[in-house]
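Taken one at a time, structure 1 and structure 2 that follow are two forms of one protein chain, written as structure tokens.
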Structure 1
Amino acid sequence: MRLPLQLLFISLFMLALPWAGCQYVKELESALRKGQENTLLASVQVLAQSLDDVEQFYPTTAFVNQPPQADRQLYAYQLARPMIVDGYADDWVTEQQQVKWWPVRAGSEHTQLAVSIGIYQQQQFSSGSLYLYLNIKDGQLHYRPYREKRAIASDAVLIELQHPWGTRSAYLLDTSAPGLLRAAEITHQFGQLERIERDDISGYWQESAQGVAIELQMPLSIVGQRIAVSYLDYQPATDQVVMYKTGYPPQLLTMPELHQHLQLLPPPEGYLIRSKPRLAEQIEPYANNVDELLVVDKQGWLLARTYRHQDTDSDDFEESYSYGFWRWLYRLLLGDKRQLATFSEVESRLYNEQVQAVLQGKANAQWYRSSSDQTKVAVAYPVKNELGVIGAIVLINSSDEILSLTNSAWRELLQITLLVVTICVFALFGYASWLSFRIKRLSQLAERVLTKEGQLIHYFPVSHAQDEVGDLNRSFAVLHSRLMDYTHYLQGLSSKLAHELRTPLAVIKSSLDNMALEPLSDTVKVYQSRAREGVNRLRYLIEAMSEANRVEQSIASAEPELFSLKSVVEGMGLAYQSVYPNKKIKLDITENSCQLSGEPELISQMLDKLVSNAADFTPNDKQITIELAVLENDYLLTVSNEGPLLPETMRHQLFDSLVSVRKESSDKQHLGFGLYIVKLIVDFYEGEVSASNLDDLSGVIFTIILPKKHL
């Protein structure tokens, strides 16, 4: 893996920074939620201590000690406007936000009763009306026969109530046909039930697909704290009735039993629960900072309720709109993943596990998830007095403020950390690229230290960077300098050896000449002949090294002059035709004069070495070709010959000293200095020389490129 990719991969670990920030924000949100719970508990505690008057909750203290069963009580919703008594539920549906259908009471398969009750009262002490809407499932309706004298002889609605002044009454509502109901108060006189028509109670009988819908209205002034609503399903075959009373199972009664019940008229067990306006006014100031504030009695009936008025201004809307993405991302990554219970909208009774626990005297707080997917906290605190727990206060507030605060902090944190991570990643990637570039350039310099001809370059760039890569560059430069010194030493070694060996070689040669004047045995003469051959071989070696030394000295002391390369090559070519009569010398020379600045003698020596080398490998009567051509910026000089091919392993070492591919022969010594001298001369002209086989593999060609820049 490349260095930039390695650093890029390592830089990904920096993403741990935003992750750590997210965890910090999450812990911050938990702490804020805990703080919100404690703050709300403290607030609701103060409110609960101010609501210790039992009369604010219940009509009598007996309700506290012996509350009736919850399903036998009726809850009256506070209506915003008076109802139209026509038997239709459309105006009740309009009030749906405040009025819900009363739970379906126990009934048979064929007959069921559902009741909804509402109170309309403009002011607390003004006259008002009690409205009832009964939805009855009855497969067989029985209307009151015309001119019927009996008190009960049809299906009817029976309302038993206790008046505010303490007495009790029963009201019967029936009809002879769908339409207006006749309301009568049932009294008992001389052992018989009598009907006293009441004009202040009205009602309407409206048949429906499943039975009948009945809507009633009565003055609120006659309604006390206790009430019971029954539907009497008349059975004409047996002259009996089935009483469906709210909170009770169906009861089959004979007429005498029903008469006895109406004669005794026991007080209704159920209470009429209604909201407490004074209680609502008392808790109203505490609802400014919370979403909702509820007061319930010991059975969870809602007594008071108040909301916070929320104003949505355009700035908040624009802010929430612009940060919607961040809020969504925050909820996705850090949102509350707990399995929260669903908080249902409170209708008339709040009696979940939390309220049951607080009615046992234990304050608590619990988090819910609303139907709109909002996280809300509900804090419940018991209301106590000397009688014990008389109710509870439930304070509900959403976590939007906390979410907004943590969302803002998280958004800024995430933006900053992502910006820092992005900058760091680009910085590391850029630094890695720059470092990789320096290492790659150093690698290229190291590869160019040796030319393709195997020569060391004369200059190695030195870096001034004060780091490890700069130190490595300088180490390469020192190594290159030492190799250059050693190469120069090797190049001068031949001249030094030639100088040092010349004198002892002369001594040996003169000694051998003197020995030839003395009488020697045949065996000694053999040794003398071998010694003389070795001396000649050594002398030839010294002459070759001296010639190379002389060429180097000539190059060092050369005074460049402008000459015609064509004339030199052409003259030397014509001379070679007589020197090598057994070879065919062919000249292919351009018409251009080929002006070149330098030493013409060096060109002649170079051609001598090349043609001599070609003649040694060219069979008799074979051709040696000398070509001179003009290129755009160079002169091209080639010497090719027919003969054996170059060995592949020696192609790049031909121009080194003491390297020869010739086979040893006894008549002439070849020590590999000829092509070495050619290389010295080409280097003087800053040209290039190479050797290769001909394309048709018929021989060898030496190619020399001489730049024109010497002009």
Structure 2
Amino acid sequence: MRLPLQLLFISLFMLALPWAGCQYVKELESALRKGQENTLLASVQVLAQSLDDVEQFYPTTAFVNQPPQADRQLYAYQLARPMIVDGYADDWVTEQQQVKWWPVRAGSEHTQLAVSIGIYQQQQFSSGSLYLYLNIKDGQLHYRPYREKRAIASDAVLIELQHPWGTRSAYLLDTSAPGLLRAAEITHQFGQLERIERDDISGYWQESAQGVAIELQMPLSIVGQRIAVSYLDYQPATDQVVMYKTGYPPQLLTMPELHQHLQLLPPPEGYLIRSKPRLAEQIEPYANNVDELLVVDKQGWLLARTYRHQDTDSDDFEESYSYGFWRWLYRLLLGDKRQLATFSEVESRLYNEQVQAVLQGKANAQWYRSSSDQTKVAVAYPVKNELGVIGAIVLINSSDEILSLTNSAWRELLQITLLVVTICVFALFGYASWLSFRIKRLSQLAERVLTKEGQLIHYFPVSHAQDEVGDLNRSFAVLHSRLMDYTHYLQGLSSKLAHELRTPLAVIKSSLDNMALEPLSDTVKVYQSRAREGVNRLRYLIEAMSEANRVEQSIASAEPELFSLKSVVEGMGLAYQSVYPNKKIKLDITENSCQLSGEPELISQMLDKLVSNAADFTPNDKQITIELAVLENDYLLTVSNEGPLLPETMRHQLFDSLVSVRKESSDKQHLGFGLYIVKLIVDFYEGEVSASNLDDLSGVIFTIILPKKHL
């Protein structure tokens, strides 16, 4: 992986920064929540202690100790306006937009009864009405036959209630035909049931698709604390009645049994539960600080309820709306996986786990998610008196404040850290790119230290950077200069050696010369001539060793002149024919005079070396070709010969000094300076030299390109 990518990858760890911030915000939020819970608990506690009057909760003290089954209670809603008694539920539905109806149900599979009860009362102590809406599902309706003498001979609704003054009454509502109906109070005289028509209780019988809907109205003044509603499904075949009473299982009664029940008329078990205006008044002052304040009794029935006065600020709304995205991101990133219970807005009875727990006497707080996806906290506190827990206060507040607080913190945090991370990532990436650029440049430099021909470059740029890359560069530079020195030493070694050898050679030579002047025996003369031969060979060797050095010197002191490359090559080529009579020398030279600026002697010296090299490898009677051509910007000079091919391994070192690919069988001395001298001269002309095998592998070709630019 490339360096910038590596650093980019590493910089991804900086994303831990916003994550940590998120954790902090999360902590903050939970602390704020805790704080809110505590505050709410404290205020609800004060409220709870002020509400210890059992009278305000329950009709009797007995209720507190032994309340009847909850589903036998009937809850009366507070209606905003009087209902029109017509058997249609339209006006109830209108009310329904404000409250969620929770009808009491009873029945079997075939026949069902649903009862909704509402109270309309203009002022607290004024007279009001109790409205009942009964929705009955009954496949077979039985109407009261005309002129029927018996008290009960049809499907009917039976309402048992206890009056405020203590006595009990049973009202029967039946009819011969759909329409307006009147209630009959059932009394018993002399063992017989009597029907007394009542004017104050009116109703309407409206047939529906499933059965019948009955709506009825009665004055509140006759309604006491206890009430029971049942539907009597008359069975004409057997003259029996199935009684569907709210809170009870269906009961099959014979007429005598029903009569007996109506005669005895035990007080209804269930209470009529209605909201308590006085309680509402009491909690009203506290409602300003919270969204919703509820008082429930021991069974969770709603006794009082107040709302905060809605002063919805449109700005707040917009803000919370725009927070939606951040909120969503927050949940996404932090995994706010809390599965909050959905808060069901029950209007009549609140009996969820939290309320059940608080009715056990344990104050608690619980978080909910409302249907509009708002988080809400509900704090419940038990109301106690000497009897024990008599009810509970539930305080519901939305966590909007906390939300907006944490949201803004979260949003700012996220924005800042994102900005910082982005800047850091870019900075790191840029830095890494720069670093990698420097290293790349250094590595390119290091690659360039040796040219294609295996020569060291002359200058290695030194970095002034004070860091490790700079150090590396300097180390390379030092390495390069040492290598340079060593190469120079090696290059100069032969000439130095030649110089050092010259003196002892002179000693031997002068001694031999002196010896020649002495009278010598014939045997000694033989040895002397052998010694002379040896000395001469040694001298040639030394000459060869210092030749390269001399070429360098003559290059250094060269005074360029304009000359014709063609005439030099042509003249040399013709001369070689006599020098190498055993080889065929072929010249292929352009007509152009090939003007070149430089030292013609160097060209001839170079040709000497190339041709002598070629001649050494060319078998007798084979051909050596010297070619001169003009290219666009250069002159092309090639010397090719038929013969053995170049060994692949030596190709690049061919032009170095002291490198020779010759076999030792050659009669002349070769130290591998020839091609090195060629290279020196070509360098002087700023040209290029290369050696390769001929395409048809018949021999070797040396190619020299000399730029014309000296003109």
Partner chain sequence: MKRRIAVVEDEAAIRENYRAVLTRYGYDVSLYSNRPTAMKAFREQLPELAIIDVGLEDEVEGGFELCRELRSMAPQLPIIFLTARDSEFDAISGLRLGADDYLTKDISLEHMVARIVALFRRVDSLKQSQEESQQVVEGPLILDLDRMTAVWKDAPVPLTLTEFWLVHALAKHPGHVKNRQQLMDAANVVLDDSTITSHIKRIRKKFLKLDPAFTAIETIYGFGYRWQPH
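For residue numbers, the reference is structure 1: its sequence is counted from 1. Predicted model, so just to flag it, every value in this text is computed and none were measured. Between two forms, the rigid core is defined as the largest C-alpha subset superposing within 1.5 Å.
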For this session: May I ask which of the two structures is the form predicted together with its partner chain?
Result: 2
For this session: Examine Y133 after superposing the rigid core and state whether its CA is displaced by 2 Å or more between structure 1 and structure 2.
Result: no
Problem set entry | CA of G430, rigid core aligned, shift of 2 Å or more between structure 1 and structure 2 | yes
Exercise. Is it true that G224 shifts between structure 1 and structure 2 by 2 Å or more at the Cα, once the core is aligned?
Worked result: no
Problem set entry | Value in Å for the CA shift of E518 between structure 1 and structure 2, taken after the core is superposed | 13.1
For this session: Once the rigid core is superposed, tell me how far the Cα of S11 moves between structure 1 and structure 2, in Å to one decimal.
Result: 6.5
